[in-house]
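Given next, in structure tokens, is a single chain: the form predicted on its own.
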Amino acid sequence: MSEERPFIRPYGDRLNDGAVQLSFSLPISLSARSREAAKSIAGRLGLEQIRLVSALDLGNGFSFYILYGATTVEIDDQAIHLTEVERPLLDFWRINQLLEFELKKRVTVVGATIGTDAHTVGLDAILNAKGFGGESGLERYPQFRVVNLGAQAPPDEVLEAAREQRADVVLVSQVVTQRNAHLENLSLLAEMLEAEGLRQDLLLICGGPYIDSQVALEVGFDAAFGPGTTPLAVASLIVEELLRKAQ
């Protein structure tokens, strides 16, 4: 009879000690009172054995804190429902082969960061020829044609590019999340594409540090990628999804 798998909890120095690190800012200047306020907040969050290890005055009535503490919270990770789907990675040559001989076309990818978002590092890591993590970007694939609109592209500009370029894929990166700007931007683009009758023919992919598959589906996209994603993962998904849609 197999031994029952224990629940898990965070650890630092020793297994299951519950050690966590917490950091946040407060809208008050640094003082003895603000330090106690930071520890009080950590206590209200359920942490025990709280230690304030760093406090910084940010100026203009703001301060920043790093605290250590311990939690008694534990979970059964096997009971977690995943919305992410693990997909097999294809290699560079297999991807091109499938596009050329199975899909029988070059795939046009229109990419951009939209709204006021000027962060293109993640987008360029996927699209530009130099790529990321030792992998070539989509520009190096003979069977991909990439149109990179760069930063701060208005949704209507992305829509027009998708129409004019006869895009197969629209890839949008969103890093700025203040006041849920990323959700508004992505939803607006999906709605505009739907209204113009372009959505059904497009594979919509979004990426960013605060975007996952559940968020992507909720805002009308087909898939999402988070930090550390490599071009091969994106290319593999594109091939898989386009072949599925073509059946």
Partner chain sequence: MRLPIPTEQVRHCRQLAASIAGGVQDEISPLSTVSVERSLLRLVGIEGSNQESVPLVNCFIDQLTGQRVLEDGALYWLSNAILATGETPQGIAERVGARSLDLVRLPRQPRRAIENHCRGIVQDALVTLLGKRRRRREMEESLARTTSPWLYVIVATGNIYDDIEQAKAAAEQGADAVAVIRSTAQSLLDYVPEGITTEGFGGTYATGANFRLMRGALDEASRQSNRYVRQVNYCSGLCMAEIAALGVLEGLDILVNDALYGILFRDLNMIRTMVDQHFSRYLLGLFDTTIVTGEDNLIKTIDAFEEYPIVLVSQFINEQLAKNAGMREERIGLGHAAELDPALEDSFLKELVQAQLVRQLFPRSPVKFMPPTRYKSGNIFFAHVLDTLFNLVAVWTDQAIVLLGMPTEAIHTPYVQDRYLSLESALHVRRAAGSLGQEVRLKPNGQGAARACWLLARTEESLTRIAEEGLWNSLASGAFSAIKRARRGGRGYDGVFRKGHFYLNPFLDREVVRRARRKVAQNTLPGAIELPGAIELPGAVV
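Since the structure is predicted, the reported quantities are computational estimates derived from the model, not experimental observations. Throughout, rigid core stands for the largest set of C-alpha atoms superposing within 1.5 Å between the two forms. Residue numbers count along the first chain shown, from 1.
Missing here is the form predicted together with its partner chain; even so, the following discussion is about that form.
Student: Mind telling me which stretch in 38 to 46, 190 to 198, 59 to 67, 213 to 221 gets its heavy atoms within 4.5 Å of its partner chain in the predicted bound form?
Tutor: Heavy atoms within 4.5 Å of its partner chain in the predicted bound form occur in 59 to 67.
Student: When its partner chain is placed as it is in the predicted bound form, are V121, Q178 and A181 each within 4.5 Å of it, taking any non-hydrogen atom of the residue?
Tutor: Yes, because V121, Q178 and A181 each have a heavy atom that approaches its partner chain to within 4.5 Å in the predicted bound form.
Student: Can you tell me whether F24 touches its partner chain? I mean in the predicted bound form, with a 4.5 angstroms heavy atom cut-off.
Tutor: Because a heavy atom of F24 falls inside 4.5 Å of its partner chain in the predicted bound form, the answer is yes.
Student: Should T116 be classed as touching its partner chain in the predicted bound form when contacts are defined as heavy atoms within 4.5 Å?
Tutor: Contact check for T116: yes, within 4.5 Å of its partner chain in the predicted bound form.
Student: Does Q152 make contact with its partner chain in the predicted bound form, using a 4.5 Å heavy atom cut-off?
Tutor: Taking the distances in the predicted bound form, the answer for Q152 is yes, it comes within 4.5 Å of its partner chain.
Student: Would you say Q214 moves its Cα by 2 Å or more between the shown form and the other one, aligning on the core?
Tutor: No, the C-alpha position differs by under 2 Å between the shown form and the other one.
Student: Compare the position of the CA of A233 between the shown form and the other one after a rigid core fit and state whether the shift reaches 2 Å.
Tutor: After core superposition, the displacement of the A233 C-alpha between the shown form and the other one stays below 2 Å, so no.
Student: Using the core for the fit, does the CA position of A223 change by 2 Å or more between the shown form and the other one?
Tutor: No, because once the rigid core is superposed, the C-alpha of A223 moves less than 2 Å between the shown form and the other one.
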